Structure formats: structure tokens, C-alpha cells
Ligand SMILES: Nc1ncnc2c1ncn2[C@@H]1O[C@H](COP(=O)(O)OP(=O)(O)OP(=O)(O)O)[C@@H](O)[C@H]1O
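Presented as C-alpha cells, the chain that follows is alone, the form predicted alone.
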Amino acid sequence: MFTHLIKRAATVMEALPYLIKFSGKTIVIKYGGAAMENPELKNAVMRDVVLLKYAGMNPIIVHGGGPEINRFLKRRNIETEFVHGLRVTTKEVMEVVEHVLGNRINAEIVSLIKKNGGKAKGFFGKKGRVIKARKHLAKNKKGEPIDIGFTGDVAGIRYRFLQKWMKIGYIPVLSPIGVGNKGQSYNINADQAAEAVAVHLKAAKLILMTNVRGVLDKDGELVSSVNSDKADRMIKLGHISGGMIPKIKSSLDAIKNGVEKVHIIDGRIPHAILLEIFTDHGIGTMVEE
């Protein structure tokens, strides 16, 4: 008679060991991909994040926004180019980046968290000055320097400032815009920004939301976990390639610098964050030492 309710209770109980283990721990979520494009997925992600907060964890969102930046640049007839996967950020492009990431996407995420019962605080660039930045020094194939404008690297994180907001119940939402020593804003790769936040806060987990299932083997099957040795072998064999290589290297750097676990998950799956954290099998690839 109560079979379906008992199954539901069993699902809840499966989460108990993880609720105990991660209570009070920091979870950094790099939010991007399809989960930012689909309205239903957007709302589902924010509900997941609010649940994490009410379950006693300290979630932080670091978001991207490349596709929307591209759309705005196209509307304004501003040319954009990339060097080694990084956007060349002219003054004109930087203005668009600040508008899209800060005034639009960041504000929308904060609003969605509030609508789902949470408290959120948005930070980007000079608003909070959470991410300290320096100019990225790019080089061409000959080793000669290339000026790619206001594209930056993370130079530091105001982690105590973030901890203060988390302690009083807020979920920090960060755009990957840093500020240099002279007050100049810099456009930073969102994966790099999320990694830096996770490292400075010694996060229990860094979750990278993507548009793929995770790391796949030569037969296209999901690899549930990788460490540095396994990742090196898969890269040499060509099983890990393209945009997954920098994600894996970034993940391994995070692990080496104090982050306990990194998860690469498919943001196209509703409630992907909860499925990865609170179930025995997970749904993505876990990167470990």
C-alpha cells in the first residue's frame, strides 16, 4: 500500500551519510553550459543550491556567460577573437562583458535564488572586489608576447569576505570579473575563477557543470572517476581531448592545492548537483588525487 512512499523514504535516507559528511562544508559550483540557457534547468539548479544551503552546506556559485556575451557582441557589431581559448578583451568588449555578466546574468541568478527561498549576494568586478586580478601574459608559437587586452588571471581571492557572507546565511554569486592593482577590471576564464575560489576556501567539492556527461572512455562510456595517472594516460591515448583537457588539468590543480574532490557533471540533467552529491553512484566524473 505504501510501497511508493517507502521507496521515496529510501531515497531520502540514501542522502543521510552525505548530509552528515558535508554539513558545514563549502561547495563551489561553476555554473555554465545548457543549465544557463534553459529556463527550467536554471530554476532547477537554483532550487538545488538553496537546498544545499538549508541542508547545512555553504554553496558558492561562480558563473560563466560566453554565449550571451557573443550574442551581445554580435548585436553591437563588435568583432571578437580568441587566443589559446581566451577571449581577446578590448575596452569595448570589456564593457559588454561587465554588462552581460554583472548586470544581467549575475542579477538573474541572485533573483532566482531569492524566488526559491534562499538569500543571495552578487559580486562582480568592483562590486565587492572579491577576485583580485592581473593581466594575462599570452605568447604566440614563437614565444613572443601577445597583447590580448583586459583578459586577466586570478591573483587572489577575498575568501574571508566570502566566509563572512556565508556565515550570515547568504549564497555568494560571483561573476568572473577581477580587479587589478590600479582598479582596472579584467575578464577571467570562469573555470579558472571557480578553481581559485575553491582552493582559497579549501572547498570540500568543486562542481563543474558542462554540456557533456563527463569524461568518456574510448567506447564513449562514462568514466566515473579519474586521478592524475589515469588522466595522463587518457590524454596521451587521445581519449581525453579538446576542451576537456583544460578542465581535467584545472581539476587536478585544484586537488593538489587542497580541494577535496572535483566533479565534472552534465548540467543538462535536472538536479544534476543533487544526484552527484547525494547518491552512491553519482552521475558524472569525479576527479581525485
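Here the rigid core means the biggest group of C-alpha atoms that line up within 1.5 Å when the two forms are laid on top of each other. Each residue number is its position in the shown sequence, starting from 1. Keep in mind that this is a model prediction, so the values were computed, not measured.
We do not show the form predicted together with the ligand, though everything after this point is about it.
Here the chain stands by itself, but in the predicted bound form one stretch of 151 to 159, 136 to 144, 203 to 211, 119 to 127, 203 to 211, has heavy atoms within 4.5 Å of the ligand. M244 belongs to the set of residues with a heavy atom inside 4.5 Å of the ligand in the predicted bound form. Looking at A55, you'd find every heavy atom of it more than 4.5 angstroms from the ligand in the predicted bound form. Using a 4.5 angstroms limit between non-hydrogen atoms, I240 touches the ligand in the predicted bound form.
Contact between A34 and the ligand in the predicted bound form is found at the 4.5 Å heavy atom cutoff.
Shown without its partner, this chain lists V215, M94, V199, L112 as candidates; in the predicted bound form, only V215 has a non-hydrogen atom within 4.5 angstroms of the ligand. Contacts between 169 to 200 and the ligand, taken as any heavy atom within 4.5 Å in the predicted bound form, involve A190, D191. Superposition of the core reveals a Cα shift of less than 2 Å for V28 between the shown form and the other one. In a rigid-core overlay of the protein, L112 has its C-alpha displaced by under 2 Å between the shown form and the other one.
V226: CA moves 2 Å or more between the shown form and the other one after rigid-core fitting. Expansion of the A34-H271 CA spacing by 3 Å or more is recorded in the predicted bound form, set against this form.
Compared with the form shown here, the Cα atoms of P246 and N189 move at least 3 Å closer together in the predicted bound form.
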